[in-house]
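One chain comes next, on its own, written out as C-alpha cells in the form predicted on its own.
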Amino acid sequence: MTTVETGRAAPAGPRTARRSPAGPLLAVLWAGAAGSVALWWTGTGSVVGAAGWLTGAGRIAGLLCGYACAVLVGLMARVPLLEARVGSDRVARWHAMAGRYTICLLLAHVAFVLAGYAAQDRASLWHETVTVVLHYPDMLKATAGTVMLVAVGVTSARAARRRTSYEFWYYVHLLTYAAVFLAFFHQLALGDQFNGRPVATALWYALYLGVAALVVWFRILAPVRLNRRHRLRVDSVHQEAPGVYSVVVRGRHLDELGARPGQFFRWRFLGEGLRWTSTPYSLSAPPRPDLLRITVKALGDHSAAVPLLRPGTRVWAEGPYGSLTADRATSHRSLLIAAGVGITPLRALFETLPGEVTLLYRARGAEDLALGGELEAIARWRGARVLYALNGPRGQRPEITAESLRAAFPDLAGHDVYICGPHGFAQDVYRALRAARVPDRRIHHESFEL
C-alpha cells in the first residue's frame, strides 16, 4: 500500500446516531399484508371442494397482490423521510423485492382463480379465460394492467437490465402507475371481500389514494416547486482527472434545499442528448447558498456527455436523497474509504465531519486521484490524514484486508467507517472491516446493486 499522510485532527465529542425506522416500518408493512389476508378470512364463508380451494387461494393472492401494488408504488414515491432515515439504497432494494413479490402474486392470482372458475363451471381453462376477460366487469382494463406489470417485471430482471438502456428501462418502469390504475377497479367490482362491506372498501380506497397523494406530491409537485424556486443552471465544467469532470451548478436560495454533505440529487440537464435522462450524482463539495457541485466519471452515454455541457444550460434536479451523512456517526473518529469516483460524497464529508477524520483513497495511479489537490488542502486546514492506496509500478493492486487495516488503525473498531466505491470494492472492504471486528452499526455505505 503506497501512502501519503498529513497531520492528525484533534478529537471532538461523539455524535449520537439517529435510530433507523426500518424495523417499525417493516412491521407496519407486514401488518398490512396480514390485514389483507384477514379481509379474505372475515369475508369468506365455508370453502367447499377443489374449486373453492383454488378460488380461495386465488383471491388471497389477489388481495396480497393489490396490497403489494400499493406498497410498490409508495416505495417509488421518494418520500424524504424514508430516503434520509431508512436510506435510498435500502428503499430501492425494498422496491425491487416488492416488485418480485407483486409479479409472483399476480401470476398466482390469475392461475388459481381461472383454475377455480374452470373447475366450478366444468369448462376448459381457455374457455374460462376468454369468458372472464371479455365478459366480467373491468376485466379488460385489468388484463391490460396485468400485461403492463409483467412487462415491467421482465425488463427489471437483472439479465434484461444488462441488455437494455437505462432510458428504455426507466420509461417502461413508469408503466407501473398505469398498470396499477387499470387493475384497481376490478378489485372492488369482483372482490367478494369488498361487496357489501363499506369499511373494507373505504380502507382500500384510502390506501390507494394515500399512495397516489405521496406520488403526486413528492414525484411531481415538490420537484416542480424546487426547480421553479431555485432556477438551477450550469455555471461551469472542470476536468479533475482523466475522464472525470466536475459540474458547478448555480441557483438561488440553495440553502433552503436542506442538502447535506454525502447526499445526492437526481440531475436532468436540459441540453442536447441529456434532457430525457435523470441520473443520480452525489454532491462532491458541501453545498453553498448559491452553488452545488457534482463530480462525474465518463462511464456511459449520459456521463460521457456531461463534459460537453455549456454554461447557462438549464438543470432539473430532484432531491436531496441519501443517508450517507454525519448523522450516522456514533464516534468522534471516522475513517472514509473511497475508490474511483466514489470519492465524491466522501470528499464533502471529509471537509465537514466533526472530530478525528482519516481518508483512504484507492486509485490506479496518482493521475487518477480526482480532487486530490482539494483533499490535501482540506487535510492541512483541519489537521486530518489522507492515505492513498495506489497500484505498484507493475500494476499490482494493493490489498485492503483486515490485517492491513488493523495495522494502519490499531483502534479501528472505535471508528465510524464510511465506504463509497464500486459494488465489488465496497463488499470486499465491508468483509475486511467485519473481519477486523468493526461493529456493523459503525459501517456506513449505500449500495444500489439490486
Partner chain sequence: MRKSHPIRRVVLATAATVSGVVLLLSLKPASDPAAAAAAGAAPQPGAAARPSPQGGQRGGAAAGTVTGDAAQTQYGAVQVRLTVANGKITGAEAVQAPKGGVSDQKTALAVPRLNQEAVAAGNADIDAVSGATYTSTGYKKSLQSALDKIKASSPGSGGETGAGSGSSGGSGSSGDSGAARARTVTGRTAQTQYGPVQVRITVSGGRITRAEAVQAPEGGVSGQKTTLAVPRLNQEAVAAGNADIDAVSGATYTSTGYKKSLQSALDQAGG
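In this text the structure is predicted, and so the values were computed from the model without any measurement. Positions refer to the first chain, counted from 1.
Just so it is clear, the following notes concern the form predicted in complex with the partner chain, a form of the same protein that is not shown.
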Of the listed stretches (195-203, 72-80, 314-322, 245-253), which one has a non-hydrogen atom within 4.5 Å of the partner chain in the predicted bound form?
-> 195-203
Heavy atom to heavy atom, is residue 226 within 4.5 Å of the partner chain in the predicted bound form?
-> no
Wondering, does residue 396 line up within 4.5 Å of the partner chain in the predicted bound form on heavy atoms?
-> no
Heavy atoms within 4.5 Å of the partner chain in the predicted bound form: does residue 161 have any?
-> no
Non-hydrogen atom contact residue 436 with the partner chain in the predicted bound form at 4.5 angstroms = no
Please state whether every one of the three residues 177, 181 and 278 places a non-hydrogen atom within 4.5 angstroms of the partner chain in the predicted bound form.
-> no
Of 137, 210, 354, 307, which residue is found within 4.5 angstroms of the partner chain in the predicted bound form when only non-hydrogen atoms are counted?
-> 137
Go through 386, 405, 389, 57 and name the one with a heavy atom inside 4.5 Å of the partner chain in the predicted bound form.
-> 57
Scan 410-442 and note down the residues that get a heavy atom within 4.5 Å of the partner chain in the predicted bound form; none is a fine answer too.
-> 426, 427, 430, 440
